[in-house]
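Coming up are structure 1 and structure 2: the same protein chain in two forms, each one given alone as structure tokens.
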Structure 1
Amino acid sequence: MNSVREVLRLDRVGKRYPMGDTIVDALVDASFTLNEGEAVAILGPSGSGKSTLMHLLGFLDSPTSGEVIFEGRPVAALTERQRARIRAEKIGFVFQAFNLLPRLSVRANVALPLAYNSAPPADAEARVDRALELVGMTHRAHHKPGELSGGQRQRVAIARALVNEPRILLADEPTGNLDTKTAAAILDLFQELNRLGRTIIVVTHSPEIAARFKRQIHVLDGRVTEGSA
């Protein structure tokens, strides 16, 4: 029987920001655990605190209180260089705006994260091939982003996030710039990647998108609650 493996845990995490003469609690006492192989939606309206939560999950910011624990180690105990290495090698980021470099080919865009590894992997070319195949973009490998549809560009962005074979795929409003049909295809892709064993976190303001995930983490006024489809 396989045991559940914890990847990331928040223990009573809070985040405060000064705003003029007042202090704003962007996140209050958030506690939950993400296990390997889960697919989770983080749901909340604009201003709810979900972006703050995403930044903490991706080590792009540090909490004011509480602990973020990754692979059993408190993130606060890591140096900034160690955090940057984790972001580069163990967390794959997917953004609403794709963030592809227009002058590079699809293949070169996907290969970019490998250049930031502490040691370039010997199988770099094979990793790019695998990532492109997973998202169904092998046939577009030598095209430029400007020659692709929005859905194809997002697939390339997902391949780029996968190329380092990260522990977590963290997607921020990944369907926000896509039409309904294309968005559904991208969500199907995330679910297929999860069936292949990937740990997926999708941040969204859409209840319809969140409903496609078995586990939901709701954020409202900086407070986190659990829900399910």
Structure 2
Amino acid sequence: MNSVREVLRLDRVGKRYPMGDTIVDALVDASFTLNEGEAVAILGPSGSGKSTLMHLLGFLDSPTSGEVIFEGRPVAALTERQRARIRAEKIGFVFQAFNLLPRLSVRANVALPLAYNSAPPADAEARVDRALELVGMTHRAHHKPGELSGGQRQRVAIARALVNEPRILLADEPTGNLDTKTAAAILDLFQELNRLGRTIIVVTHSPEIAARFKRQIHVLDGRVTEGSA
């Protein structure tokens, strides 16, 4: 049987930050399901809660209310070790702030996720080469992040997210600092990965980019709605 497989589900998820005397409701009552093979764009103004949502989807953060469910299992019920394992093996994350390690070379940064695998792949070196080539960063493999431009750092962060060939790719404004041509190439790459069955969730400010995805989720003042770009 060819049934739709649920990858991630949010059930009335909220994220509340205490800020001195006040509180910030960064996410309010968010409920939706992501199925295997979906390509989703997340849209919304600055401060609306997009990164908060992405962190919860990658279980880098816990909700203050509601539940995040990964492949049918509530994430809250997993141990930190189990969470780390799933994150390492199944999820690729492109952070808005890149999060590259400054002391490591570009090559070592891209190779990092492979080290978290329970069994490091035999073709690790080739995978790093391939990922660097995909984003056009082979010529800077031995540089440190501090020696790169913003767009180049972003491309290295994308290579790192892809090196494990994750089932799920979460990318927070992955092309925000890139020129139109490089951004288009990265998006073509994401769409190719999606055609190969990967689940892809991308935050973008651009309605043109969002329109290239089959599904759009809008975030406004912490509230999530579905709709076309």
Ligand SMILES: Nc1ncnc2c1ncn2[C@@H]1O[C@H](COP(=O)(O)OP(=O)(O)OP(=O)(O)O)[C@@H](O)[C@H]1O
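For clarity, a rigid core is taken as the largest C-alpha set superposing within 1.5 Å between two forms. All residue numbers here follow the sequence of structure 1, with the first residue given the number 1. All of these numbers come straight from a predicted model, not from anything done at the bench.
Working note: structure 1 is the copy from the form predicted on its own; the remaining copy is not. When each C-alpha is placed with whichever rigid part superposes it better, V75 ends up alongside A184 in the two-part motion between structures 1 and 2. This chain moves as two rigid pieces, and the smaller piece turns through 25° between structures 1 and 2. The two forms, fitted on their core, place the C-alpha of D129 7.3 Å apart, compared between structures 1 and 2. We note a C-alpha movement of 2.9 Å at L112 between structures 1 and 2, with the rigid core held in register.
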